[in-house]
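One chain is shown next in structure tokens, namely the form predicted on its own.
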Amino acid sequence: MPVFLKNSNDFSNLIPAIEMAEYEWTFNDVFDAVDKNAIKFDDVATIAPDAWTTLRFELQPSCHIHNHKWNTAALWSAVTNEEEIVPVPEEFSENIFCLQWKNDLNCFFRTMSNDEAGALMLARDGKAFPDICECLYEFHEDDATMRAAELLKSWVEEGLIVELDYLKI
């Protein structure tokens, strides 16, 4: 459907509809992806202090990050939940990042701040924890490490991380 809309002379200018079709289609990919067991807080607690310099994260195979120009996630949620009041399509002044993933056979979605999206994309691409902290420094300066810890905690809680990879020292 997204490809049809993008390539159709009649619909290619309906960006909200294209975003919605891509969003909905991604849920099919999320649902069909392998569901791996997520790590637990105890797994993070066992990492030696020196190993954090090489720490990398493997994310759920279902993890998808989108860049939206419209309030697609809010529209999708309202329609899916059969809410009485569905918001009208609204274009944002800047793009919004949205995350879709599956954990324990349940599909989830949420919007993300720009700093989290940048950090999660680095994690997805196999960058080490210091690279993620450096990315967050651009947003938070001296509070970057605290922000990295907050994000790591939320990613573990949400079941986004399935493996920790680091040099065992």
Partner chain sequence: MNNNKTDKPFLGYGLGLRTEHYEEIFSSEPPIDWLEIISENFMVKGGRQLYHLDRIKEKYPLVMHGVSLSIGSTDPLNMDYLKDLKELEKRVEPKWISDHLCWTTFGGHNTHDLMPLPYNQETLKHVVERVKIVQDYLGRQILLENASSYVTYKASDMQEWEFIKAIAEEADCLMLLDVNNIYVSGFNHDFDPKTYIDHIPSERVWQIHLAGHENNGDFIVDTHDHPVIDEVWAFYDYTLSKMGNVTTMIERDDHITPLPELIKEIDRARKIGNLHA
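As the structure is a prediction and not an experimental result, all values here were calculated from the model. Positions refer to the first chain, counted from 1.
Just so it is clear, the following notes concern the form predicted in complex with the partner chain, a form of the same protein that is not shown.
Shown alone here, D35 lies within 4.5 Å of the partner chain in the predicted bound form, counting heavy atoms only.
The shortest heavy atom separation between N106 and the partner chain in the predicted bound form is within 4.5 Å.
Within 4.5 Å of any heavy atom of the partner chain in the predicted bound form lies no heavy atom of F139. At least one heavy atom of F31 is located within 4.5 Å of the partner chain in the predicted bound form. Only one listed stretch (97-105, 42-50, 139-147, 120-128) carries heavy atoms within 4.5 Å of the partner chain in the predicted bound form, and that stretch is 97-105.
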